[in-house]
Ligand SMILES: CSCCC(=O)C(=O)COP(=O)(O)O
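Below sits a lone chain in structure tokens, taken as the form predicted alone.
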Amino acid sequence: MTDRPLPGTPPRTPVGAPVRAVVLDIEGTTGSADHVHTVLFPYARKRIAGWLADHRGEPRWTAILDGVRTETHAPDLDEAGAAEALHAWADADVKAAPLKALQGEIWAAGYADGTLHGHVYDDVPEALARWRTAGIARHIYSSGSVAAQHDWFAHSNHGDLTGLIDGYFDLTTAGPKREPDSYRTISRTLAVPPGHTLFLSDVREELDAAAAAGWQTAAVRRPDDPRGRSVAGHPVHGDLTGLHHLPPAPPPPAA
């Protein structure tokens, strides 16, 4: 099923201009939000304290503790205090970089032993493949860590899809997803003009931030999304099939 843009919700920057890069959200856009909240989050939360104990003193343990201390403004916080903060963030779904890094570490073990997989909607692999054929770059931007994003697509229900993805951005490499400066950072990294970059997400505030940075935007609201299929200021699609044939931009002029 594919939805055309809804009447009365014109995009701030029209989809249809030449596109050199597509940047995609994960949760609710390319993969099931329910899978994240009912499978992945509980799996990681149960293992927070155990992971900290098992990896005590390792560089990644130190990095996570230092990150929690910075976020909580508590430079002397010990491991137990850090675990308490991480549990609280997990319960509130706080987009804190140390939590996202730790979740990625925990999920990696679950992916490796076959306990976990990443959920990807059926229309996503074909869209990524079509854009690759058209010469359009494909990147992921999620609050989850870059490592967690890579594992999600490497161990998806459609197999290893990482060959269809050019790169990943997270809170550390780009910044918060509701801040226009994060999208400007991605534009600089990709070396693609903002007007030739399309962002796909199910969250209006993220789309607004991308539009404020000069990006093209389109909302993806799956048919079972309880928020409905109207996102003010952005065209709305029920899946990615209506975006298969994006007009590719000509290559940049030779230096």
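Only a predicted model underlies this, so the values are computations on that prediction, with no experimental measurement involved. All residue numbers refer to positions in the sequence shown, first residue = 1.
Just so it is clear, the following notes concern the form predicted in complex with the ligand, a form of the same protein that is not shown.
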| item | value |
| --- | --- |
| The ligand overlaid from its position in the model of the complex: site open or blocked at 2.4 Å backbone/C-beta | open |
| The unique member of 158, 184, 95, 132 whose heavy atoms fall within 4.5 Å of the ligand in the model of the complex | 95 |
| Position in contact with the ligand when the complex is considered in the model of the complex, options 190, 52, 36, 212, heavy atoms within 4.5 Å | 36 |
| 4.5 angstroms heavy atom contact with the ligand in the model of the complex for residue 168 | no |
| Close approach of residue 107 to the ligand in the model of the complex, 4.5 Å, heavy atom | yes |
| Proximity of residue 100 to the ligand in the model of the complex, heavy atoms at 4.5 Å | yes |
| The ligand contact in the model of the complex: residue 48, any heavy atom under 4.5 Å | no |
| Stretch from 147 to 155, 121 to 129, 160 to 168, 73 to 81 whose residues place a heavy atom within 4.5 Å of the ligand in the model of the complex | 147 to 155 |
| Sequence-ordered residues of 130 to 144 touching the ligand in the model of the complex, heavy atom within 4.5 Å | 142, 143, 144 |
